[in-house]
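Heads up, the chain below is alone and in the form predicted alone; it's given as structure tokens.
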């Protein structure tokens, strides 16, 4: 669809009445169902009773649902309206700086109270736990965006919130910790001495920078030891990806307002919720033959689970406490380099995204962090938003594709999710702007050591 370039509209807004009232579940539309999670002891598919120590029943049912659409509760919709629908922006000034004929759009999720897309799932997770009478949630956080979002949601529903923050991010991003505490959350550096998993894994000096896998182990252990406490995860699981699809559902309407169809959808991937949230509704339309965009995941070169991992059953945490999930994984013992995109330092990819990747419905590329921050600075200086380190990976690939369009003259319409702002990540920008940022080269030996820990199923 050709857009009228005489009308230079920058922002495409929906009113509250146009906010989606249901989340989209892609599973019924896939040509093959995804493999089920397995019990770590029996290797049999897990049942609801296996997950009840971790999650409320409503979320367990969403995890296995075959319903194409799941209604968003009214109480959740009321809170969403504080920042949703979020804006879709046309990056005219970035296009001009790149001297590209490509049209670049970004869906901006940094308008949420926590400054990222994570509130799209933290609010319903806190809601469903509160309805079932749970008094406290535990979780992990990488960069701190998820911990911030969950602390915000817990405050709204009167729940306590306890957060294990990956050590490298805890040290580098003190203002993330302070924001979590401002919302009422309690924060621990991971690995900590508060859990058996933390003490065991922290005894190894190689683990001192922490990882999402280690922090998950600690948060899960704390949850299962108390029947009044449950665990909340900010990515990876089906119900989390489900909640994020409100991003893509809104973006479909907004792209129609712009009179444009994307030829490329690109999003950053760590656990995968932001990428799924943007891309799954568009993938539905692609599978229905209505549009035909390339769908591209951008991941960090130092933690490339899709492009360098293997598709196998593995633990979601380092200590081996979670069910086994079929996913692209670098091995649950793999501890990524302490890159600035702390939210992408996860050894595995969401099982549902891994399955979609295996079906050939999407692509993936790994990007070094200096290229990401070069794109971030150019974006900040043209569009006026300082991005969080995570979406800079998608911006880097968007810039690559826009420059390619300049060479080929091919019509290119790029849509990406700017999943959060970088107001609390300025130490990373300091490192880049002052020449201290390096691209970590992960050796094949390190990859091999991580892959060797994958259990035989």
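Positions refer to the first chain, counted from 1. Nothing here was measured: the structure is a model prediction, and the numbers come from that model.
The same protein has a further form, the form predicted in complex with another copy of the chain, not shown here; the description that follows concerns it.
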{"item": "Proximity to another copy of the chain in the predicted bound form, single hit among 423, 43, 68, 404 (heavy atom within 4.5 Å)", "value": "423"}
{"item": "Candidate from 294, 81, 253, 290 lying within 4.5 Å of another copy of the chain in the predicted bound form - any heavy atom", "value": "81"}
{"item": "4.5 Å heavy atom contact, residue 64 and another copy of the chain in the predicted bound form", "value": "no"}
{"item": "Heavy atom of residue 77 within 4.5 Å of another copy of the chain in the predicted bound form", "value": "yes"}
{"item": "Distance check, residue 434 to another copy of the chain in the predicted bound form, heavy atom within 4.5 Å", "value": "yes"}
{"item": "Another copy of the chain contact in the predicted bound form: residue 259, any heavy atom under 4.5 Å", "value": "no"}
{"item": "Proximity to another copy of the chain in the predicted bound form (heavy atom, within 4.5 Å), stretch among 182-190, 351-359, 302-310, 265-273", "value": "182-190"}
{"item": "Complete contact of 16, 106 and 155 with another copy of the chain in the predicted bound form (any heavy atom, 4.5 Å)", "value": "yes"}
